[in-house]
Each structure stands twice: as C-alpha cells, then as structure tokens.
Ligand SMILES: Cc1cc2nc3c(=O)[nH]c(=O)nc-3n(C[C@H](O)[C@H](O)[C@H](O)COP(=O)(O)OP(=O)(O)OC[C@H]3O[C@@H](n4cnc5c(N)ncnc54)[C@H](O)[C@@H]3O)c2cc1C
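So this first bit is one chain, no partners, the form predicted on its own, shown in structure tokens.
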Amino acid sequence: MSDASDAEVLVVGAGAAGLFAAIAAAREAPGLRVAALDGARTLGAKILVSGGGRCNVTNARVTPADFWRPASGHLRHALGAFGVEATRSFFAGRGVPLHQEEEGKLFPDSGRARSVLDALLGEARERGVALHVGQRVVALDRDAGGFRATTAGGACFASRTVVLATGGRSLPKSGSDGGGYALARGLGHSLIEPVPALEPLLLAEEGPHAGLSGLALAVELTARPPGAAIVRVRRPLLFTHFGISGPAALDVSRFWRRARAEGADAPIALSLLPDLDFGRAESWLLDEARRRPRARPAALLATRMPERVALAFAARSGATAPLARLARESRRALLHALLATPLPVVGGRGWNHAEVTSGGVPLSEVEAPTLRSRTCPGLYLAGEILDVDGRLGGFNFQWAWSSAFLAGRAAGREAAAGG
C-alpha cells in the first residue's frame, strides 16, 4: 500500500462514534496512521443539534437495562470497557466538565454542544488522525491486502482495518442517511430493517390529545409488542396538536414502529395516575367521595393533573355527577379512562424528527469483546449502524462512546500487529 491516501485504520463516518473510534485507535497505537472519512463538509451536525443544542453527553447511570436488548453481552462488554466515569474523565480532560440535571442527564458545564464537538476534534487532531470531509464512501471492498474505500468523487483510500461508523437514518439533514447499510451488506452483513425511534407519535384527530396541546404531565405509557412482555414507561408526556411527544412518547415509539415493520401492532395505552393501580385508584375515589361528597370528578382530578386534562378526561368518561352520586358504572368508566386510555396511534413524525434508529446490523454478526465482524476479517462496526437503541436521556450517546472505544481500540491493535 504505497498510495498517498493509505492508512492502517480507516474510519468510515466521522460523527460521534466515528470520531471516538478514530481517537481510540490512535490512542491504542501511537504513530499509527488513522484516517476518518465523512460525506459532510462540516463535521458534527448531529452533535450540535442534540439536547436542544446543549448535547446530553451521557447519563449518571447507564446499564444494559437502559437499552432494548439488555441481555446482550455486547452491551455489557462495551459499558464495562468504557462507561460513564470514563466518558466524564475523557471530556473533563479536554476541558469539558459535565454536570447532572434531571433524570440523571449529564450536560457540559458550558451549556454548548459545540464544546463537546471541539473536544472530539481537538483530541483527534492532537492524536494525528487525518480528517477528510466531503468524502462520502460509496464502495468498500476487501482483498488479501486489506480494504479500499472509494468516494463519490472518485478518491480511493486504502487501509488494513476499517471501522464502519456511518450511523443510522435519524435526522438525515445531519448526514445520517443510512448509506452505511449498503457498505455493510456488501461485506457480507445482513440488516434488521431500520425504523425511526425516539420520535413523537401522531394520534387520530379524535384522540385524547384534542384541545390539550402544550400541556405536560407525568404519566405511564404501556406498549404491548407482539409476543413480548408489556413495556411500561413512567416519564413526562407532552400533548401536542398532532398527538404526543416528550420522553414517555419517544421511549415507546420504537415498539410501535418495530411492530408495524413486522406487519403487527403494539397497542399503546395511557395512565394519568402512574403511581396507582385500579384498586388503589378506586379506593382513592371512594375515600374522596366520603370526604368531599359534593365535589365533581374534574375538580378532584385537578389536584393531581392540569385542570384542562382533568376536565377533558372526566368529560370523555361521562363522569360529571358529584362524587357522592357517581354510580358504580360511571366511577369504573372514569377509572378506565384515567388508567388505561387506548391511544389511537396512526403514525410517527418520521426520520426528520426521530433521534435514533432502531434496527441495523444484528449484534450476532459482530464479536462482543471487540465488535469485530464475524463475516469480514478486519472490519469493525460501532454506534448507530448496529442494532442497538436505548431510551431518551444520554444513553444512545453513551453507546456511541462505548462501542467506538471497543471497535477503535481493537482495530488499532489489529492494524499495529499486522505491521
């Protein structure tokens, strides 16, 4: 390999995972020629828009249970090798200390996502990583000598090992258009159909969101994926003009999308009293009827939720009589409305609003300790291109850092050993 564009490690994709994989490879073997290619002219678009422009770097506590495949050994290996404390230490060492906010979310003290991106770019450059922008890889081939990547402009880059970190399809304006899937398939990998995840959900016009746009409250959403256990999410919900958003809606959206992709359904229901089951909620209503016999159900509900929500759900159930005169059937109808209102989901807001991708290259096709491809020697995969997605709150960024560390370190070791 005498080409001027040769490298020992080539990282395809220079977003969060790609930049960190390149850094990990360069750290593992100082002096190794590491290059990262990206189709965008300016790097880090998704980092810059994440967390409302502040970048939710990780969470105070991240475990495999925060992802939708918690039994996977891949998650245990990645989080064990490079977890939250390692992430905090890395960014603090680059002058970007993190602080904790609600639900354990960790943000840079600067309040600016730009400081996170600058830390990554600064570390990469100091480690000697060659960053090539505007170089979209359209073909990736392997032969006995290693890999050759060809860009849309006709440039060629040769390398001993490759880390594929092209991301998924969420927020395509940031450069994540799913182009890496074809590269992975060309090297022998299969694909679990990618679908949007962490996206707001659209409800039918007559849904319970009608007239409640802009109101937020703590709820429990349940999803019933086909052939799987019921999923329960207790987090804040935001009613919108089109349906529902907020952490609770975004977290359950992937189950609805995955079921639809498989030709099935995952019904979603809403509880406005997340701390109560049916029996305890009924006891509460009966106790309040004895204490406040003349009170209307909506007035009682308004002590636990926004008044407009209380009025709307009391009206939907038909429970308008004073508490002491509320018939058993009316009381039960009110309880069902409060604890198990079916949500008429008709769609999601799509890739432009989804924060991550569900689906991608199956984890069974990469080795857990290194994320090395089982089908193509010398190939490693990291980040969103793999079939891993977690809940909202910094967990998906942590997967980017952790998986990139494993893949980049191992790619660097293999490349160095081959020298």
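This is a predicted model, so every value here is computed, not measured. A residue's number is simply how far along the shown sequence it sits, counting from 1.
Keep in mind the form predicted together with this ligand is missing from the figure; the text below concerns it.
For this ligand in the predicted complex, the listed stretch (131-139, 303-311, 79-87, 216-224) containing residues with heavy atoms inside 4.5 Å is 131-139.
Contact annotation: of the candidates 348, 207, 175, 108, the single residue with a non-hydrogen atom within 4.5 angstroms of this ligand in the predicted complex is 175.
Contact here is defined as any heavy atom lying within 4.5 Å of this ligand in the predicted complex, and by that definition not a single one of 184, 195 and 373 is a contact residue.
In the predicted complex, this ligand lies within 4.5 Å of some heavy atom of residue 394.
Within 4.5 Å of any heavy atom of this ligand in the predicted complex lies no heavy atom of residue 408. Contact check for residue 337: no non-hydrogen atom falls within 4.5 Å of this ligand in the predicted complex.
Taking non-hydrogen atoms only, residue 249 never approaches this ligand to within 4.5 angstroms in the predicted complex. Contacts with this ligand in the predicted complex, taken as any heavy atom within 4.5 Å, map within 15-49 to 15, 16, 17, 18, 37, 38, 39, 40, 46, 49.
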